[in-house]
Each structure stands twice: as structure tokens, then as C-alpha cells.
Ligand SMILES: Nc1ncnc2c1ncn2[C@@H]1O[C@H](COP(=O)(O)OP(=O)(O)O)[C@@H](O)[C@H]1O
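Just the one chain here, laid out as C-alpha cells, in the form predicted on its own.
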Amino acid sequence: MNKQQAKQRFGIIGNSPLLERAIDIALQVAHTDISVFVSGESGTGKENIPKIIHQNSNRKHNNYIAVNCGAIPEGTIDSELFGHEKGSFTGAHDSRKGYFEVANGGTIFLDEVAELPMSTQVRLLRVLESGEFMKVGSSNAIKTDVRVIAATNVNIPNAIKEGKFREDLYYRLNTISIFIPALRDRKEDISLLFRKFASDFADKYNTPSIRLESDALKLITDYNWPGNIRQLRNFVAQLSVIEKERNISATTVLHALPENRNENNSPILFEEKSKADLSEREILYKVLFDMKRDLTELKKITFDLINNEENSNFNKDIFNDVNENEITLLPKQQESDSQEEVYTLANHEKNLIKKSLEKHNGKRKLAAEELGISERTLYRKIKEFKL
């Protein structure tokens, strides 16, 4: 299979030099058993590289298993990957084969590998070093011949410094590195992708394909696309279904681009970010900054009321003890004991998660994407906040 055939088979659109280089490397290493590490932002299409490698390898007639490590709860990830013995934990009514046993002789793709717990990283390292693993609840080593391809959108060197990812595992996985460029770094491909998606949706819904006017094309080419190809596809789907006019103007594009509208009056979490996803720490910082901004606005309104209304019941002292981590608002004093409502950073984070889950009808995957965290992190927060 040559590069053009690989693109056609896996629906890869574009002629960017960075994209062409990534496909070239995938084809070159396919016939080996070397571990490959795929990096790039969320939504760039990293999942295509492992498929190209597997289909061009000697393992192509054996199993190919793709595992989203971030979507599996921490308590069950070892069982999913390595299997378990009957009775090894509550609910283990039967023995079960894990992905590494099922994929013996084939290829396993570990997406979002940086989300693996440290204990699971140790087990994975053993598989890479010796080709052996043990089921949960077993002391017998099982041999497996599996090619491992891993991917992440996390900055692994930073994760290593923060103690979240093992350095020795990284070097084992990163024998060959393949980088998938963000859509903003392959602007020449945006018009091609738009036409392809527009044609696909026209065929699917039996309608004329939408077309971009020249100024509209310039707008989408200059746009940052933090969600990359996934976001562009959703954008084209929206225009294809909603817009009655098939010629799309710049005005229509401006109205449809995310930072130009906020229909639900909900906070926009992803303004002008270079990455599609924010880390949990970044979300907490943003929440804190938003709270501080809201506090400043509230202080101004309150002081205006104090200055303008001689008989105001607001107490100027309510802001004396405010700190960055907790905001206490004292309501109007009553003859009975006063009540106070405390808004903490955790409460604000809980409310954001609750609103996102309600917005997406409890679908954790969609909520996690909107909040910019992994499904694993969201699962942990749901348990923590008892949502």
C-alpha cells in the first residue's frame, strides 16, 4: 500500500507536508514490530495512524484492538487490559480475557495513554519489556505477542515532571514518534476538508451541497479550529442541516463560529486556545479567575447601591474578609439569625459539571469534551461530588 492508497482507504484528506510526513513514517515502520508513539491535539485524526500501520504489517490478519484509556474507570482498567480470574474482586463471577490476551499476534492501540494510572503503567511496562503479564488475581505469567501503538494529546515531558507518567514507559513506547499536525498548521487542507464533508452530508441527506463564498472561505481558513478536524466536521454538518441557502456567506460563517455566539448563556470554556482540551488544573484556574471577576462586578454594584440608597441594608463590611479561595455573601440582616451562602471553588466546579451533564442529557463523553477533561476525570468528579 502506497501513501495515496492509504489516504483513500482510511479517508484521510489533505496534502500538507506535515501530514504527508506522518503517513510516510507510518508506512515505513509498518513491517517492523517497533512500538510507535503518536502525538497531536484532540480531533486531529491520530486514530488513523495505528490502522495504517496494522494494515500494512505482517499482523494484518490478526486482531486489531483500539482502547480509549481515558474512558475506562480507574478501578476496572487493569481487568480490561489484562483480564481477571474468577473471584479476584467483587463482581468477578467468571474469568475474563483482557485486551492483551485477545490481541495476541496482532496490534493494540492505546489511545489517551497518559490517562493510565501509575499502577497500570507498571503492568504495561512489563508487557513491553518481557512480553508477559498477569491477570488480576492471578500469580501466573501469560505470554503475549502484541505490537503496542500509543497516542496522547498530553504533553508527556510535563506529565513526567509532574509525576503522572513514568519516564521509562515513555521511552519504551516512544521508539518511533509520529506527530499529527493541528488543523491550523495545515490551512491549505481546510477547503479540501470542507468540500469533502459538505459532499458527504449532501449525499447522506439527499440535498444540494453547501458552497462557501470567497470571503467565507477566507474566514474558515483563518479560524483557529481548536477542535481540529472533528470541530470542522461538526461545523459543516450544522451548516448543511440548518442553512436553507446553499451559498454560505461570511455573515453566516461569523454567526456560526463558536466564539461569536453563546446561545445558552453558558460559560465559554475554550476561547482562543491553542489546544482543544484544557487540563483539569487550567479549568480550576479559569473558574477561580471567573469568580474573582464576578466578585469585582458584585462589589461595584453593591457600593453603587450603598452610595445611592441611604436606607440600604447592605453591609460594606461583607467584602473585608474575601480571599481568593472562598467568597462569602451575607444577605440582608433579619431579626432572626443571619444565614450565609458560601461559594467555594469546588462548588463552582461542581455546578459547571452538573450543568454540562444536564445539557448533554447525562452523556459523559460529550460533557467531558465540552469541559476539556477526560472521561476518567469526569467519572471521578461525578463520584466525588455525588452527582
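The shown structure was predicted, so the numbers you read here are calculated from the model rather than taken from an experiment. Start at 1 and count along the sequence shown; that's the residue number.
Keep in mind the form predicted together with the named molecule is missing from the figure; the text below concerns it.
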Run the contact test on 37, 116 and 121 with a 4.5 Å heavy atom cut-off to the named molecule in the predicted bound form and return yes or no.
no
Of 148, 229, 236, 103, which one comes within 4.5 Å of the named molecule in the predicted bound form, counting heavy atoms only?
229
Can you check whether residue 70 is within 4.5 Å of the named molecule in the predicted bound form, heavy atom basis?
no
Under a 4.5 Å heavy atom criterion, is residue 57 part of the interface with the named molecule in the predicted bound form?
no
Considering only heavy atoms, tell me if residue 18 and the named molecule come within 4.5 Å of each other in the predicted bound form.
no
Quick one: is residue 47 in contact with the named molecule in the predicted bound form, heavy atoms, 4.5 Å cut-off?
yes
Listed range touching the named molecule, judged in the predicted bound form by heavy atoms within 4.5 Å, from 238 to 246, 70 to 78, 163 to 171, 186 to 194:
186 to 194
Heavy atom contacts to the named molecule in the predicted bound form at 4.5 Å, residues of 136 to 168 in sequence order
none
